[in-house]
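Just one chain is shown here, as structure tokens, and it is the form predicted alone.
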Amino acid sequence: MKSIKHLLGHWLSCKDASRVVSQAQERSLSAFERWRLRMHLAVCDKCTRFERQLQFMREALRRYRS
């Protein structure tokens, strides 16, 4: 039987999760959006990797501008 965490993580599709990760760079997410995203990232390695890549690129651009 799948865990509750695993089931909750799939309330948000990878497509929607990547969209929310991108939007989080530009605006504050609601508490519910943050919760859904965290649940998804807890079970999805690919989306977690995508989030880390965006963070890396954002930091690299910030350092380049300095």
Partner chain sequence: MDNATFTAELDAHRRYLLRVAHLQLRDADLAEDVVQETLVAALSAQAGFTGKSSVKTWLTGILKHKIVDAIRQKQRQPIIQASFDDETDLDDFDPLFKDNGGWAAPPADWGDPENALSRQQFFDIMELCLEKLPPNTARVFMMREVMELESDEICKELTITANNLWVILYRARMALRQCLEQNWFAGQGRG
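Positions refer to the first chain, counted from 1. Just so it is clear, the structure is predicted and the values come from calculations on it, not from any experiment.
As for the form predicted together with the partner chain, it is not shown, yet the points below apply to it.
Engineer: With the cut-off set at 4.5 Å between non-hydrogen atoms, does A42 touch the partner chain in the predicted bound form?
Structural biologist: No, A42 stays farther than 4.5 Å from the partner chain in the predicted bound form.
Engineer: Is R27 near the partner chain? Define near as a heavy atom within 4.5 Å, in the predicted bound form.
Structural biologist: Because a heavy atom of R27 falls inside 4.5 Å of the partner chain in the predicted bound form, the answer is yes.
Engineer: So which bits of 34 to 66 sit within 4.5 Å of the partner chain in the predicted bound form, heavy atoms only?
Structural biologist: Those in contact are K46, C47, R49, F50, Q53, L54, F56, M57, R58, E59, A60, L61, R63, Y64, R65, S66.
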